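Here's a solo chain for you in structure tokens, the form predicted alone.
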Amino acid sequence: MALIVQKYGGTSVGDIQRIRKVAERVVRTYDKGNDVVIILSAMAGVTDELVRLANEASPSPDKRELDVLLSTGEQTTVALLAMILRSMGYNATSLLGFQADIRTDAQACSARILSIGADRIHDLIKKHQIVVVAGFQGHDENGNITTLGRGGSDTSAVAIAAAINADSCEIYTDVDGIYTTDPNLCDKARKLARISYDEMLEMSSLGTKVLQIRSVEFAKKYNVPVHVRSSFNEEEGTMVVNEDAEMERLVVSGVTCNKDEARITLKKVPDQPGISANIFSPLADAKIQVDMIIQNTRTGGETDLTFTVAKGDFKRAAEISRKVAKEIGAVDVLTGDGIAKVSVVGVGMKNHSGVAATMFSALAKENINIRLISTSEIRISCMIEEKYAELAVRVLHSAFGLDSES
């Protein structure tokens, strides 16, 4: 017997027929002698519709009330699944976030989980109940309903799995695992049987949307094995676990591509202490996340400084940068989109040399110019023109031997 947490969201609970399919899968797991806790997202499209209604009600919806509204999406799915399970002859109880005692900070619409009081879930499990918990939501110290931001149900699932000491956490989605790259960009992409927490963190931060990055952080911190699977078939998916020696044999595990990038360059910035802080502090105050940064030193005590931000922050970041440029005496601010970031990721990079050389040579052979470069211990990213992004993914996928099992 095992204690298994299963999370279903989006298209997996897209309508009542899909919720019935989820119930059938849950029952199969339960009938094998396992204890089961289910985490659900809202039906596909429901959260977007609720946001639309909120914006119709007010040009600037109060965030506390928005949390109250958005949480109803998950309330619907957990109640429906519990009803279906009971109609099939199984004891099932639905819990909302506050009933499961998922405690968060008070940051409306993007709260972070502080703790989970697992007593009620454990009590229901002891009574042989199938527990169905609303993902994406919790409550703050004042009893206000809070939501965790987009993808928050993944975080709920892993956090609950850690709190109840589950044997595994299964994330069911519309894809059947983690691939070496996006199959829509490269038809030679392969499903990975296993991937390390660190690799998954890098890939999530670089645009892979299969797992929400905070859920991976929780999994790594509490050593929760995560199994990414499809809710539309019975195939084994990808296990996200601690790295092992076998993983390190593969130098690169995956190639990612992110087209949600824009570039800002401050020209002829005074090259002196404190200038970088003057540039990036106002961006941080505006909650704008800066990605890649490069500085090119000129003669005469000046430098050019280039950085990238998400396209959604581009306009505000450019306005702030122009204001800062005037204050620090920079000559000009150049902006532009039409760029993409391609990256190679792999824990094996820690123990192998020549990864950067292979990457740069592969791109050079296709006349793909590199604008910016950033690295970590297990990742190398290059900024290139967006029109070459898909070609770059395929080229790098082949260059690092990911097209076949050998």
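From a predicted model like this one, the values you see are computed outputs, not experimental measurements. If you superpose the two forms and keep the largest set of C-alpha atoms that fall within 1.5 Å, you have the rigid core. Counting begins at 1, following the sequence as shown.
A second form of this protein, the form predicted in complex with a small molecule, is not displayed here; the remarks below concern that form.
- Although the partner is absent here, residue 203 is a contact residue: one of its heavy atoms lies within 4.5 angstroms of the small molecule in the model of the complex.
- In the model of the complex, the small molecule lies within 4.5 Å of some heavy atom of residue 177.
- Proximity of residue 184 to the small molecule in the model of the complex: non-hydrogen atoms within 4.5 Å are present.
- Of the heavy atoms in residue 218, none are within 4.5 Å of the small molecule in the model of the complex.
- Look at 97 to 105, 295 to 303, 123 to 131, 204 to 212: in the model of the complex, residues with non-hydrogen atoms within 4.5 angstroms of the small molecule sit in 204 to 212.
- Here is the short version: of 265, 173, 93, 196, the single residue with a heavy atom within 4.5 Å of the small molecule in the model of the complex is 173.
- Residue displacement note: residue 256 has its CA displaced by at least 2 Å between this form and the one not shown (rigid core superposed).
- Remark: with the core as the superposition reference, the CA shift of residue 22 between this form and the one not shown stays below 2 Å.
- Once both forms are overlaid on the rigid core, the distance between the two CA positions of residue 36 between this form and the one not shown is under 2 angstroms.
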